[in-house]
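Below, in structure tokens: the form predicted alone, a single chain.
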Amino acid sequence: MIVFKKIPALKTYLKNLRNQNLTIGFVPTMGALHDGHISLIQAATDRCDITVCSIFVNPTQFNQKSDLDKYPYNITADLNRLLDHDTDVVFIPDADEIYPEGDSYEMSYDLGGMDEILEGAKRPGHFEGVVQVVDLLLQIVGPDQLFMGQKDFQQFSIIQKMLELQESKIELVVCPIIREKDGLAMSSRNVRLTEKDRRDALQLNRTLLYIKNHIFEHPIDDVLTAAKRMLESPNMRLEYLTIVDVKTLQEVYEIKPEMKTVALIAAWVGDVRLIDNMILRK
């Protein structure tokens, strides 16, 4: 495993690999790696000759500095995990390396409003920062395939839209959500949950399962009303629970046979904000 901190050295190394006709798979992360991230590394290793992982806590996608300050960071543990799973290249840039002229950025892509709903509505500027950093990292790495997780459903949908607008040849590979044995979706934020928070957080997955098991038998409004009742708790604050079209992320009010839909949820459990989702029909 080779670790790079500077862009020119990384680019030179990857150029030599491409000259050998080796394919490159890229997994962008913000560190605090868990088994969900490792599943992306394994998918990249299975499908490509070379696996590149970046670890960069991107400041531009945090709309609250306090959330950025709380983000867990343990680079030694992360590097050890990547080494154990046959990662070929790791890129660990400083913010000044990614943003040498400052982090101001003007969105140059018309995402059709996909960045303004759901997470975008609750976290203004978040997806502008995500698109910014992913765009820059893809320019630096130049991979054949980009690997992202299903858990951040809106995020990968927006990146797919960005790639389509660019007419990029990079293939986006979306890997399934990795869950704990009790059903909780793996997240770097889970380490901040107290014991009580952890027990309460299990209700998110239970609620999604309830929706999946009932949505094709009853009206959407009835199912969502019952599902929201399942989340009523003094320790939990629901931000949204909705069913949307997989492609457009537009809210669905009636399930039709040809529709591909996903249930999306975001909630505060204690002082930790969690998201989850479940595909209802692919």
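So that there is no doubt, residue numbering starts at 1 and follows the sequence shown. Since the structure is predicted, the reported quantities are computational estimates derived from the model, not experimental observations.
Although not depicted, the form predicted together with a small molecule is the subject of the following passage.
Although the partner is absent here, Val130 is a contact residue: one of its heavy atoms lies within 4.5 angstroms of the small molecule in the predicted bound form. Contact between Met148 and the small molecule in the predicted bound form is found at the 4.5 Å heavy atom cutoff. Although the partner is absent here, Val134 sits close enough that one of its heavy atoms falls within 4.5 Å of the small molecule in the predicted bound form. Taking the partner from the other structure, the small molecule in the predicted bound form has no heavy atom within 4.5 Å of any heavy atom of Ile38. Of the candidate stretches 169-177, 191-199, 207-215, 152-160, only 152-160 has residues with heavy atoms within 4.5 Å of the small molecule in the predicted bound form.
With the partner omitted here, the residue from Met30, Ile50, Ile243, Ala43 that has a non-hydrogen atom within 4.5 angstroms of the small molecule in the predicted bound form is Met30.
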